[in-house]
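Only one chain comes next, encoded as structure tokens, the form predicted on its own.
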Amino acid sequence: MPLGNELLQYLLTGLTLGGIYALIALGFVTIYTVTGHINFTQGEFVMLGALTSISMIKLGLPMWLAITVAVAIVGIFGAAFERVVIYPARNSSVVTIIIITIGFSVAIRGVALLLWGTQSYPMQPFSSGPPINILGAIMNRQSIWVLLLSIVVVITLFIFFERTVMGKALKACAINRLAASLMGISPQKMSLFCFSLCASIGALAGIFITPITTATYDMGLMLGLKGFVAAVLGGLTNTTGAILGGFLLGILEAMGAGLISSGYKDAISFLILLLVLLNRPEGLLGKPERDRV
């Protein structure tokens, strides 16, 4: 394959990866801006969405209904996680919350191992047909679904935050929790809704990528870490930065795997994280963090 076609192939692969990373990064950023917490359980929401939808399909539900039920179940689980695990520790330090979410993610993987085992579960692509040839590069049809999901989620979140009362209440909590509470907005209720929303987005990301990668009980570990890298790369307080960071990370990872070695794929992500933390801790589009009130 000519070098130009190879680079285009890596670019298309990177866009697919980047779309998933961007969705996971949006979960990190949304929860952090509203609650001030970094939720390392976000990757497990991705895994739960994928495996739950597969289980629903095996029970005989049509794919669209299985996806809807799985997203709803994971959304409820995200709300329960916030109320049972995060809410009692809401006044703890940032480090304590991080340790709690890491510990709970390990517990979720353990339960998933008992429920689904170690095998990989495939899912039928959303649309049939041969891969699409784009200027000599190949792109499978499920990758297009992933990109469409990323676009739809980003547009929907923009409309939600800018045009709805609930969205503006979440933004108010992100800007100043004390002022929001004085205006009658409950930061506790916003936190509950935020975790449920981000869990649902993570579940969708897991479902849409499963026809490409298959689903396993531990898929959320690396996807969650990549989403966190993307969030830090773009700026933990900037949703646009999360999207940019996700796609940039996906493209750099695909290019590195293709041009250097696939064995360095994961190492490239964490090298990028180290470089960003050392040179621009606030991220590409983030602003230097001030004391939160």
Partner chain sequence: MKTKSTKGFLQRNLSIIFFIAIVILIALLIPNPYYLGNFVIIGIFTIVVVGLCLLMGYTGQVSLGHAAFYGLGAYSSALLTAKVGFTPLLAMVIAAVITGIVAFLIGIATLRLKEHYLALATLGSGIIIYIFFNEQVNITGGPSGFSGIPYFSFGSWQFDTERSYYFLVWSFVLLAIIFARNIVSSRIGRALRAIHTSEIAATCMGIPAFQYKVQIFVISAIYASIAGSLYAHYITFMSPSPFGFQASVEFVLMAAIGGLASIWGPLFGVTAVLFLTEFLKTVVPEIMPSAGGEYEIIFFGLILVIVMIFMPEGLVGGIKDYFAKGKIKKLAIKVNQDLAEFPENDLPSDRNKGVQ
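Positions refer to the first chain, counted from 1. By rigid core we mean the largest C-alpha set that fits within 1.5 Å across both forms. No experiment lies behind these values; they were computed from the predicted model shown.
Absent from the display: the form predicted together with its partner chain. The rest refers to it.
Q.
At 4.5 Å between heavy atoms, only one of the stretches 257-265, 42-50, 55-63, 239-247 reaches its partner chain in the predicted complex; which one is it?
A. Single hit among the candidates: 257-265.
Q.
Considering non-hydrogen atoms and a 4.5 Å limit, which listed residue (Val34, Ala70, Val232, Leu26) is close to its partner chain in the predicted complex?
A. So the residue touching its partner chain in the predicted complex, by this definition, is Val232.
Q) Which pick from Ile175, Val94, Met166, Ile134 sits with a heavy atom within 4.5 Å of its partner chain in the predicted complex? A) Contact residue from the list: Val94.
Q) Going by a heavy atom distance of 4.5 Å, is Pro88 a contact of its partner chain in the predicted complex? A) Yes, Pro88 lies within 4.5 Å of its partner chain in the predicted complex.
Q.
I'd like to know whether Met183 contacts its partner chain in the predicted complex, with contact meaning heavy atoms within 4.5 angstroms.
A. Answer no; every heavy atom of Met183 is more than 4.5 Å from its partner chain in the predicted complex.
Q: Examine Leu221 and determine whether its closest non-hydrogen atom to its partner chain in the predicted complex is within 4.5 angstroms.
A: Although its partner chain is absent here, Leu221 would touch it in the predicted complex, with heavy atoms inside 4.5 Å.
Q) Taking heavy atoms only, is Gly283 within 4.5 angstroms of its partner chain in the predicted complex? A) Yes - in the predicted complex, heavy atoms of Gly283 and its partner chain come within 4.5 Å of each other.
Q) Using a 4.5 Å cut-off on heavy atoms, which residues of 95-112 contact its partner chain in the predicted complex? A) Read in sequence order, the residues that approach its partner chain (within 4.5 Å, in the predicted complex) are Val95, Thr96, Ile98, Ile99, Ile100, Ile102, Gly103, Phe104, Val106, Ala107, Gly110, Val111.
Q.
I want to check Ile260: does it shift between the shown form and the other one by 2 Å or more at the Cα, with the core superposed?
A. Where the cores coincide, Ile260 still shows a C-alpha shift between the shown form and the other one that is 2 Å or more.
Q | Thr13: Cα shift of 2 Å or greater between the shown form and the other one (core-aligned) | A | It does not reach a 2 Å shift.
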